[in-house]
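This document starts with one chain, in the form predicted on its own, laid out as structure tokens.
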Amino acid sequence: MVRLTKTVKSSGCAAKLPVGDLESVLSSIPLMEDDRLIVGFETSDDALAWDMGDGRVMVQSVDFFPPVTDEAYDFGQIAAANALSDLYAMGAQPAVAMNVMCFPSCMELSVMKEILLGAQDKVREAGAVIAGGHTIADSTIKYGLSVTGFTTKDRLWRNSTAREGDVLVLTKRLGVGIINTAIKADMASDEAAVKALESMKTLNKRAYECAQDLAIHAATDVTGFSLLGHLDEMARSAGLCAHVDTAAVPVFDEALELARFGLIPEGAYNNRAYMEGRVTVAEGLPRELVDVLYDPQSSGPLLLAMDEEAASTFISRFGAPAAIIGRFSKAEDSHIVLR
């Protein structure tokens, strides 16, 4: 069997271009404007939103990355869940998707088939369909989806509209990037690998459904730029400061243990460098815990901003590991305060 993670340098969302490099390029490109474009890339939101003129909004995104697991079918499921998450983070129901595949011409085609079957099953679970796509020959495997879904204007979630006093709810445990790095190095336990795999394969569909009748003031999903990177986007765009109770953040225990041994993905160092000067860290916080907060996540959790009453209702519906991890307050010198 081909060990897919051994064929690539970086796995999953840890392979993202450093956010600082991306931002320097995008900030130099003029925005294309249209009255129907509700959300573009100006606030680094999870997807674009297009006004269809009848109260409905089309939401569209694309996401792909290298393998995060050795099993082709599981990789297809994870990549699909990761791409679909962008729509759930905007409050949209996925409807249709297209494959995006880079594949080595020397590799057995059965591997490609298993990736596509895994993705198809996960998209079916989301209540959507895959209808075609695009494939090119490349030296390493990369796979994902272009996804399209729909919501209404009054139910569209954005990452830029949090309010002072909102609490922050996180819906999955963090640390899969660190565990994936350990898996590549053959240093992760079977138990940790299984837990990370199941987390990455889990759609954010249920979190989206549990929040449908609640007043969600802002939302995003936590992927390659880490909890702190995506939270920074929320805080900056809303002109607020996020105070995070690090003890309340759901984390995989083994990710902390592995971080103590220095098994940190390159993407985490990129995230930390980009966030320098934007995060205040309370004295005495364990270094490994802060490392997990910078860890790039593949198919990570939703991060939702709402009032406390709505948060209590959401958590009672969703259950563990969802937790209130912090609160937005007035703007301060730092965008994020860790305590």
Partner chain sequence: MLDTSGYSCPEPVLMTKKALKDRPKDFVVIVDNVASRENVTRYAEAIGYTVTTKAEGAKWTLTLTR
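This structure is a prediction, so every number in the text was calculated from the model and none was measured. Residue numbers count along the first chain shown, from 1.
The form predicted in complex with its partner chain exists for this protein as well; it is not shown, and the discussion that follows is about that form.
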query: Candidate spot K172, A320 and I324, all three touching its partner chain in the predicted bound form (heavy atom, 4.5 Å); finding: no
query: Answer range among 85-93, 142-150, 117-125, 255-263 for contact with its partner chain, defined in the predicted bound form as heavy atoms within 4.5 Å; finding: 255-263
query: Heavy atom within 4.5 Å of its partner chain in the predicted bound form - residue from H230, K184, K201, K195; finding: K184
query: Heavy atom of D291 within 4.5 Å of its partner chain in the predicted bound form; finding: yes
query: 4.5 Å heavy atom contact, R287 and its partner chain in the predicted bound form; finding: yes
query: R278 within 4.5 Å of its partner chain in the predicted bound form, heavy atoms; finding: no
query: Contact of K330 with its partner chain in the predicted bound form (heavy atom, 4.5 Å); finding: no
query: Partner contacts in the predicted bound form for 265-283 (non-hydrogen atom within 4.5 angstroms of its partner chain); finding: E266, Y269, R272
